[in-house]
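Below you will find one chain, with nothing else, as structure tokens; this is the form predicted alone, and questions on how it binds or moves follow later.
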Amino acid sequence: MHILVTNDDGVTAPGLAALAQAMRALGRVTVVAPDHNWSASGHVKTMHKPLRVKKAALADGAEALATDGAPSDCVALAFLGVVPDKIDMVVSGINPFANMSHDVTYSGTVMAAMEGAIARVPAVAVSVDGAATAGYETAAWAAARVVSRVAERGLPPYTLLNVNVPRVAVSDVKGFRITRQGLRVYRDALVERADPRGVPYYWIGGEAPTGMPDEGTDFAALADGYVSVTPLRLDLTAYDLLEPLREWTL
């Protein structure tokens, strides 16, 4: 199995090195990652400038390719020919801080995996609940468990798995739960400042977001000490609204 590994925190991020190392136990690994941090970049396709690719090294010294494009660009470049060999799976992460609920539309980690799903290849996004200062051992272990099952069972076309791992030791993980997206509560605030010429500029700040730990959700699984595995698909159609909208006689 040939696994493409990427992330949104940059090629030197320790979570990327931990993920690549875990994936090497399952197959051949190629790493294509951004040359700088693209957190909260969402699903990007760079078309207004050329993209550069260069050789780089992971935090543990392993070989990688780095590009000035976004995480989703990394995957697109790989499939378009930067990586000449056939790719069997895309695994993205390990992202510090969880990516749950509405986060998935902002997350470069998840959207890199979604680019793999667009290419009709099984894809997995992996995030860990907590700060980047702690280790990634548990998340790497969980990623290997999930990816090995995907390799055995496969995924339907245009789908991916979003995996969120509690920040605990492997021995303290209570298990795995298949979950749905919960409700994220954002607490963003606008911070307005002025530059030396008196012209206003803005930061999006505020307190860290929270979530509603309703039963069956990704939030509840993490809160209870379980690894959350949420299946996602590219089709965003609100099927329950199709018939009501037809009654509008537009």
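Note that residue numbering follows the sequence shown and begins at 1. Think of the rigid core as the biggest set of C-alphas that the two forms share within 1.5 Å after superposition. The model shown is predicted, which means the values in this text are computed figures rather than measured ones.
FYI, the form predicted in complex with another copy of the chain isn't displayed, but the following is about it.
Colleague: Do residue 55 and another copy of the chain share at least one heavy atom pair within 4.5 Å in the predicted bound form?
Modeller: Result no; residue 55 lies far from another copy of the chain in the predicted bound form.
Colleague: I'd like to know whether residue 150 contacts another copy of the chain in the predicted bound form, with contact meaning heavy atoms within 4.5 angstroms.
Modeller: The answer is yes: residue 150 has a heavy atom within 4.5 Å of another copy of the chain.
Colleague: Examine residue 210 and determine whether its closest non-hydrogen atom to another copy of the chain in the predicted bound form is within 4.5 angstroms.
Modeller: Although another copy of the chain is absent here, residue 210 would stay clear of it in the predicted bound form, with no heavy atoms inside 4.5 Å.
Colleague: Just to confirm, residue 140 within 4.5 Å of another copy of the chain in the predicted bound form by heavy atoms?
Modeller: Residue-level check for residue 140: no, no contact with another copy of the chain.
Colleague: Hey, which residues along 169-194 are within 4.5 angstroms of another copy of the chain in the predicted bound form, non-hydrogen atoms only?
Modeller: Heavy-atom contacts within 4.5 Å come from 176, 178, 179, 180, 181, 183, 186, 188, 189, 190.
Colleague: Indicate whether residue 55 shows a C-alpha shift of 2 Å or more between this form and the one not shown, with the rigid core used for the fit.
Modeller: No, the C-alpha position differs by under 2 Å between this form and the one not shown.
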